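Next up: a single chain in structure tokens, the form predicted on its own.
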């Protein structure tokens, strides 16, 4: 298969699987550039690889050159989607950042909600914060899938502006799209999620911080909702 020699991780392959043939892709936070290289070798019409820091961008440029794609992949030093014109892409990938950071990038982009772009998002942490923001802004999570990479479970989702609704606390941790994915990894993911949320609840119960009673209520509501869902149980 084309691109099989690219040393790309399973979580980035999960993102790549959402990209449509012939897409104009903007890869935000490209790091080593392997996702951009893989997409350029597997059907993307154009790829723009960007990073906020000069060092990883130079590393990406070196890897792009090593694969002979310097003329086919654009690179740009940029903070989030700043400096990218709406017409330069129809697909945006933001992978490997915290969910709150991803939400901030989307919130600061003046054309993100124009309805002409698909967003493939892979939060490393705080996925609930990202899903909460998407729901508050009436974005729709069209699809969300799981993968296992080096013993860890990751999700990646496809979001588009419009048509969505605010998500309940439990849905912010486990979206309706992910619940409907029928992934064989879903049961394990839910159990890990439950354990983490139970630990958070216990910690918040002992906390004396004035803001933590509301956080405790939020986690308790989310955990109760997840415990009532049975789709992944055999």
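Residue numbers count along the first chain shown, from 1. Keep in mind that this is a model prediction, so the values were computed, not measured.
There is another form of the same protein, the form predicted in complex with a small molecule; it is not shown, and what comes next is about it.
The small molecule in the model of the complex comes within 4.5 Å of a heavy atom belonging to residue 108. Taking non-hydrogen atoms only, residue 79 approaches the small molecule to within 4.5 angstroms in the model of the complex.
Mapping the unseen interface onto this chain, residue 170 falls outside it, with no heavy atom inside 4.5 Å of the small molecule in the model of the complex. Remark: residue 53 counts among the residues lining the small molecule in the model of the complex, judged by a heavy atom distance of 4.5 Å or less. Annotated contact segment (heavy atom within 4.5 Å of the small molecule in the model of the complex): 97-105, selected among 83-91, 139-147, 97-105, 155-163.
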